[in-house]
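Quick heads-up: it's one chain on its own, the form predicted on its own, in structure tokens.
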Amino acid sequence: MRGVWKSFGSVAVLRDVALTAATGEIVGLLGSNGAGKSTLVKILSGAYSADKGEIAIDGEAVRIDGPRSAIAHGVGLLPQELSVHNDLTVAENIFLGDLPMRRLLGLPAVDRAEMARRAGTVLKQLGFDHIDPGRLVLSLSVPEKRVVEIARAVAGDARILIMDEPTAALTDQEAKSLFQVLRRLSDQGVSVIYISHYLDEVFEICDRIEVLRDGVNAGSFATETSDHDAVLSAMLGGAVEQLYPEHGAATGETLLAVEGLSVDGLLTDVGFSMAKGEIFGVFGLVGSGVESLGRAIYGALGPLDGGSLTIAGRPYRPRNPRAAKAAGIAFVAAERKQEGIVADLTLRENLSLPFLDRFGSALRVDVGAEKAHARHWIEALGIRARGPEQRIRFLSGGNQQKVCIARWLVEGMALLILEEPTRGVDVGARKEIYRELRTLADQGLGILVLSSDVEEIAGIADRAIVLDRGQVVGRSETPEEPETLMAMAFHEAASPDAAQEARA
């Protein structure tokens, strides 16, 4: 891609951008939210058309004027969210756009035997021939579903594969399985454009890194000879400062006390307490219960099977989210696009959604008050948007996350529960979010952060607990060493050496 320009209205999103990939090369495409990454790959995959510029494949200029055209030129896109159909079989998902047909009693019918044979061939090519082509996709694990997506692209003769945050919901082991598939594809001559916010995995899987910043090329780095700091400097436009703010000092007054919290099959006898103005962390690997604890406290899992809670000294029984909200508890889900935003509503409407009663009557919403509220938080949190009336689907992931947090920052809220608060968020936006969380805590808000990112918990939490199989397996009064937390998660001695062995 050469000399690519793209504007939306008066806003120039890409300015004379170039992107190249050799046959079989895995190229990491990095940049802060709003840098232009998504727009560039949407042009390559046919979702957008460039205002100016050229796309060449094998040295020949091509015209990509839609997704069908991109597929015809061998370009496959795997979006961040899974795009498989759970109620269809593996083979049906792979060949959904090009089903093999035969004649049956003179009428056209799907040739299921041929479809299963072809699907088996593709899966074997990817090293996943243990997956039965006739199996329902619903029964597959998340990484296996990713493989089905890749198989669909390979079956369609994709020679350029775009992957957007493919490991965001995967464990480390699942990510390594995916990397094995990508290396096989690379060996077979497929070029991969790999978008991710996780620098460690980018350096592990990519041959080269291209960085965009503010819609222009900001640097090209060979992973073998470069380092994290150089790439981060290119992304952020200067020296990389400390990602996490200084730890705070809680008031000492207990905000939330949890004793013996149990949810059948998910959590057993969980207990901890946190103070007003404290950022309290809960770390656990995927499947440890870290994805259930916040929902249990918020009432999203219904009544508890056991345990007692108090909020600001008053008894609190989690029954449903409405009761939690009335008790001053706010909740931001990990899956932002599924459970956080309403994509077709504006930034203004998303911000006021939980508290419409504060913006008018049951019959009429005061749009002017909503706009004033939205402008306040756009400025206070540095939300990058064209204004309150911009549809939230067009905001970057980091700015969408800021909206999800800001909607709860109203009078009367005492506890903010955050699941995976920076999943799919770039380094620059993560730093801004961490800074704002510390500011909110300093103002007295209690913040409960639940994350499978050990460095995040070590960096942002004042105190922390560690979960495994739904139980508390460790506690830390000063969780500043990620190795210590990781060692607890694996029930090892709390030492860096033990943690390294556990990770291995």
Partner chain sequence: MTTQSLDRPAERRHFGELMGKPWAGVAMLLVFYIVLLAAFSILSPWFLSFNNMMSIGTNMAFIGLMAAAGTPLIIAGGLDLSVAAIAGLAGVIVALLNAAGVPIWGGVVVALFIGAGIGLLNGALATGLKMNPLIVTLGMMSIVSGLALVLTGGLSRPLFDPSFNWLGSGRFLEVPVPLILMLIVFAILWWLMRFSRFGRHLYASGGNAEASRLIGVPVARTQIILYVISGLSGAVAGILLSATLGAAAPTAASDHLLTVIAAIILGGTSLFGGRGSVWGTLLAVLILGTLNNGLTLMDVSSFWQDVTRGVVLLLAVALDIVRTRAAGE
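The shown structure was predicted, so the numbers you read here are calculated from the model rather than taken from an experiment. Residue numbers count along the first chain shown, from 1.
Just so you know, the form predicted together with its partner chain exists too; it's not on screen, but the next bit is about it.
Participant: Looking at 300, 380, 275, 216 here, can you tell me which has any non-hydrogen atom within 4.5 angstroms of its partner chain in the model of the complex?
Facilitator: Answer to the contact question: 300.
Participant: Exactly one of 259, 207, 253, 389 has a non-hydrogen atom within 4.5 Å of its partner chain in the model of the complex; which residue is it?
Facilitator: Contact check passes for 389.
Participant: Picking from 280-288, 340-348, 157-165, 176-184, which part of the chain touches its partner chain in the model of the complex when contact means heavy atoms within 4.5 Å?
Facilitator: Among the candidates, contact is made by 340-348.
Participant: Do all of 263, 317 and 326 end up near its partner chain in the model of the complex, with near meaning a heavy atom within 4.5 Å?
Facilitator: Heavy-atom distance to its partner chain in the model of the complex: none of the three under 4.5 Å.
Participant: Is residue 244 a contact residue for its partner chain in the model of the complex, using a 4.5 Å heavy atom cut-off?
Facilitator: It does not: once its partner chain is placed as it appears in the model of the complex, residue 244 has no heavy atom within 4.5 Å of it.
Participant: Is the gap between residue 393 and its partner chain in the model of the complex 4.5 Å or less for some heavy atom pair?
Facilitator: Although its partner chain is absent here, residue 393 would touch it in the model of the complex, with heavy atoms inside 4.5 Å.
Participant: Check whether residue 400 has any heavy atom within 4.5 Å of a heavy atom of its partner chain in the model of the complex, and answer yes or no.
Facilitator: Contact check for residue 400: no, nothing within 4.5 Å of its partner chain in the model of the complex.
Participant: I'd like to know whether residue 429 contacts its partner chain in the model of the complex, with contact meaning heavy atoms within 4.5 angstroms.
Facilitator: Answer no; every heavy atom of residue 429 is more than 4.5 Å from its partner chain in the model of the complex.
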